[in-house]
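Just one chain follows, in the form predicted on its own, and it is written as C-alpha cells.
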Amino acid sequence: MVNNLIALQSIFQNNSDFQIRDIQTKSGNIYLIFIETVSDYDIISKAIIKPIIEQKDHLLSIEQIEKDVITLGHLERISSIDEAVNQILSGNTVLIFDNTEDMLYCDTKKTATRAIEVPPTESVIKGPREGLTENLNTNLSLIRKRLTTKDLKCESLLLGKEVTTEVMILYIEGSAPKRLLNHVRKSLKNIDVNFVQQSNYLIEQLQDKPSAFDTVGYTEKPDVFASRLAEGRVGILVEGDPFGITVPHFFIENFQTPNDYNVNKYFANYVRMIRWIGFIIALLLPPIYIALTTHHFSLIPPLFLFRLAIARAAIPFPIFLEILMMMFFFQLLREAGVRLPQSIGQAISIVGALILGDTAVQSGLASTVAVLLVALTSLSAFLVPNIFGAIAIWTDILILFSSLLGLPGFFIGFLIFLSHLSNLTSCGYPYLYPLGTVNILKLKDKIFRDNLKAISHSFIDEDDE
C-alpha cells in the first residue's frame, strides 16, 4: 500500500543509499525498497527485478510472486512497518504492492567477510588453524563442519532496542542440561541494552557475580568451540564478533590450551604443571617477598639478607613502594607494546624493558633483586594470559596486606582471595570445579589431561539436570 511506502520514505529520509525501484505491472505497481550499501544489487537484479519484469504483462498476486516468480530461496511475508525497517537495515529487500497491505522481504544481504585466518590469540604448533570470523553464517558453517549431528541446535535471537544484532545460541540436544539452557535463554532475553556491538555485552550479562576472573569462556577457534559443545556446554555466536562464548567456564580451563590436545599427553601435563607453578609465582612471590623483607627479617637466610642489604643501600623508597613502582613501569611497557603497531610494538617492549631495568638500577630507584622479582613475576603471569589482568589486580591487593601486616596480612589477603574464588559461579555451576566441589560433573580434563577418548564424554551428569 502507498501508506507503507510513505512511512518508509519518512523513516529513511536523508539517507543517500536508500533506494526505491518502481516496477509497473498489469496488477499494479510493485516497489522494491533496499539500502544499496548493505544489499547485493546483483541478486536484486537477477532474482527479483528480472523475473517480475518478465511477468509484468500478467495478472500477478502476492501469492504467485511469492511462489512462482521470485527465485530466491528465502522470502517471507510481513505486515508491520517495524518488521520492514528491521529487514531493510539488515540488507534485505522489501516489496510493497498497490493492491495489498502485506509486504514481502527477500534475503539479499551483501556478505563482505574477511578470509578464514589463523587466530592470533590461540595459535597452535600442531592442530587445526582455522579461526572464527566476524560473519555469523561463516562461523556457523565452521561449527557444523565439525559437529555433523542432527542434535546440534541453533536458536536465533535479535538483541538490542535501537540497533538489533543477531545472536545464535548453539547446543547439542540431549547433552546440554535443560537448566543451563534455560538460564542462558533467560539471561539473554532480559538484556537491557540499546545495541550489542560485540560479545562482551553478553559476557557481562551472563556473569553471575562481578569479578576480575572471567566466569564465561570465549575462544576464536571453531574446533575448541565445537569440542565444548560436544561436552554438553552451551555456545553463543554474535554477528560481527570473531569470538564464540561458551558456558559454563571453570577456573582450571585458564591453564588449558588448544595445543594440549594435539601433543603427547605426558608432555601436555608437564607444561600444564609449569603453568600452575607460574600462576603461583605471579600471584604469591611479590607479597611474600615484601612480607619477609618488611616485617620478618629473621626468616630470611643471613647470607641472602646481607646481599639484599647491600643491594638496597642506596634505594630511597620502602620495599613495597619499590616493587609497586617497577610493576607499574612494566604495565606501562606492556600497554605501549599492545597499542603500538605490531611491527614496532614488540621491539619497543623488549628494548624499553632492558633500558628501563638497567636505568632504574643505575639511578638508585630500584635494586637488582626488585627488577629480577618483577621480571620473573611478569613472565610467569604470561603463562596464563586469560587471567593476566586478574593476577595483576590480586597481586597488588596481596602486596597491600603484606606491607601493612606482614605474613599475617598475607594470609588474610590470601584467604580473601580463596573465598572470592570459591564464591564464584558460572551460570549456576561452581567456578572452582573440581577443587572443593561435589563430584557431580564427569569432566575428564581436570588439572591433568586424561586420554582423549575419556574427554569426549559429556561433562554433565544426567542426574544434574
Partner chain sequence: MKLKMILCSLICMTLLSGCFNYQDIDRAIFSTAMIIDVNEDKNVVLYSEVFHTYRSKENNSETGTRLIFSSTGKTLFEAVRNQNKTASNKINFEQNKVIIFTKRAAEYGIDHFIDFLNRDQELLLRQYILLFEGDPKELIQLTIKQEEYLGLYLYDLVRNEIVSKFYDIFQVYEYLNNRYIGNSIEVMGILKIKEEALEDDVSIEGAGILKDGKMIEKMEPEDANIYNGMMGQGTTRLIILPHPTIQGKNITLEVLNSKIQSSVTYNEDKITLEKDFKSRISFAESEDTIDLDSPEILKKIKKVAEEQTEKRYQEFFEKYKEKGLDIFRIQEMLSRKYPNLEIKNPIEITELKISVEAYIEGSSDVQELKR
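Numbering follows the first chain given and starts at 1. This is a predicted model, so every value here is computed, not measured.
Same protein, other form: the form predicted together with its partner chain, not shown, and the subject of what follows.
Proximity to its partner chain in the model of the complex holds for none of 207, 251 and 427, with the criterion being a heavy atom within 4.5 Å.
Comment: its partner chain is not present in this chain, but in the model of the complex one of 294, 138, 90, 378 has a heavy atom within 4.5 Å of it, namely 294. For the candidate set 387, 285, 78, 315, a heavy atom within 4.5 Å of its partner chain in the model of the complex is found for exactly one residue, namely 315. Annotated contact segment (heavy atom within 4.5 Å of its partner chain in the model of the complex): 397-405, selected among 27-35, 44-52, 397-405, 65-73. In the model of the complex, its partner chain stays beyond 4.5 Å of every heavy atom belonging to residue 382. Interface residue remark: residue 416 is counted as part of the site for its partner chain in the model of the complex, having a heavy atom within 4.5 Å. Among heavy atoms of residue 302, some come within 4.5 Å of its partner chain in the model of the complex. For the chain shown alone, residue 106 is not a contact residue for its partner chain in the model of the complex, no non-hydrogen atom being within 4.5 angstroms.
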